[in-house]
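We begin with a single chain expressed as structure tokens, specifically the form predicted on its own.
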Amino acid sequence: MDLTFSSEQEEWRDEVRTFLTAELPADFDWNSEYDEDEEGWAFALDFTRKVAGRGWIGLTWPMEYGGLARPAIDRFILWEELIRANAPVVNHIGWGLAANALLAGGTHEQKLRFLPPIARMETFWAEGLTEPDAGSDLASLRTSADWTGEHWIVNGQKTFTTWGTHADVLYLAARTDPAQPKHRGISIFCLDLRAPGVSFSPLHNIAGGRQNHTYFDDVIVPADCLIGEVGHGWDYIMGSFYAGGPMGGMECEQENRLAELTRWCSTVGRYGRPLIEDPYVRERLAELAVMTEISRVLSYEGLSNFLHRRPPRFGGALNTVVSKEMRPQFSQTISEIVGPLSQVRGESPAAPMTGRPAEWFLRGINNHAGGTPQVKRMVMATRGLGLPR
């Protein structure tokens, strides 16, 4: 097994790092899912447009659709470095979910229409999949899109709409044929979030950010805003998660936090000696280091499988289960090392590491997106091990 990168790939990594060093303040820490301040959002949008200006949003897309036709491994490296730098890149739904659906199932005309604006960061997408009664069992969604002969009329509700009040359009899954089996009657649309009949109510998360409930009351969607074919939405949703190739990053986030925690343990005393000398603390730090390396190996395995066109193990659910369950465990272990003061947030003088452990813990609980680990375990059991439902 070779876990090294070529000299050309390392040169690409250096190019990304040089850009990030020039564009991001030292010790930058801002997350679009948990920080709602206007200044942070303005900076994030400006930064993402700079990424787009280099062609990096559509890095692997064909050139005719606004991309650079670079290999998937370059996208993996780019994402590793963005995560390592805590870069405030927004519009993941646009350059991830929506773009992958278009590349997998869109017509040539649709790709020409929708992809270049995403690549230039001119169109900001939010996700319209989850509903109050359709989350892990997404195919049970009930939001409807009825064809009038001229356009579609959408009615229903979505929830957990991250970035909804900031975005321009919605990657919307709606039921277009209730007579079909639930996986076959779904279609995908690009819905204008400023269209009459669209409204929001706030859904604040535990870390202080805002998601949304999104409501549709006779919203008109033009015929040309259907993505792909009618009734193939489920295929596009499933294919979108894997079409663009894996993105590295979780191990880089863990690396950063472990390094900061280790430095803090080296400077703080407890019971008359440096915390780093405490056997319990050293054991917990070793656990965090092992988790980080597990994340790295699984990330690289996912990249290797994609590059060599090998099907992922356990129906593609193994990496997801590990990452979703490891993230809160990682944050919990940090809290155990730091102690009760790890719960203190903000600029309080009592907050260790300027309150970062508290923020990490609250953000680490967020592991439901894309399906809960419990559901992914069922995928592992059925598709990976062949067990009955």
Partner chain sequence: MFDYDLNDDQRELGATARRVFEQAGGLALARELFETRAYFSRALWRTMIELDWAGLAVPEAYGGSGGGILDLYAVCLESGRAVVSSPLIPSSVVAAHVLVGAAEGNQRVAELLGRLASGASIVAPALLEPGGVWDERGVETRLERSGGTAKVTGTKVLVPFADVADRLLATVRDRDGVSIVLVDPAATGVSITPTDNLASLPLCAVVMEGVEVDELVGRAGGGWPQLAPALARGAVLRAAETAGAGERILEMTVEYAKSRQQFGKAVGSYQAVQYLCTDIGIASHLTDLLARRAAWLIDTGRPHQRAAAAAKLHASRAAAHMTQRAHEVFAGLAFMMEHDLHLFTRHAKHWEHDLGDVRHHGEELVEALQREFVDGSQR
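On a predicted model such as this, the values are computed, not experimentally measured, just so you know. Positions refer to the first chain, counted from 1.
Another form, the form predicted in complex with the partner chain, is not on view; read the next lines as being about it.
By the criterion of a heavy atom within 4.5 Å, residue 136 is excluded from the residues contacting the partner chain in the predicted complex. In the predicted complex, at least one heavy atom of residue 380 sits within 4.5 Å of a heavy atom of the partner chain. In the predicted complex, the partner chain stays beyond 4.5 Å of every heavy atom belonging to residue 203. Contact check for residue 168: every heavy atom lies farther than 4.5 Å from the partner chain in the predicted complex.
Listed residues 150, 293, 224, 122 were compared with the partner chain in the predicted complex; 293 is the one with a heavy atom within 4.5 Å. Taking a 4.5 Å heavy atom cutoff to the partner chain in the predicted complex, the contact residue among 72, 258, 238, 220 is 258.
Only one segment in the set 103-111, 280-288, 89-97, 154-162 has residues whose heavy atoms sit within 4.5 Å of the partner chain in the predicted complex; it is 280-288. Counting a residue when any of its non-hydrogen atoms is within 4.5 Å of the partner chain in the predicted complex, the hits in 287-312 run 287, 289, 290, 292, 293, 294, 296, 297, 298, 300, 301, 303, 304, 307, 308, 310.
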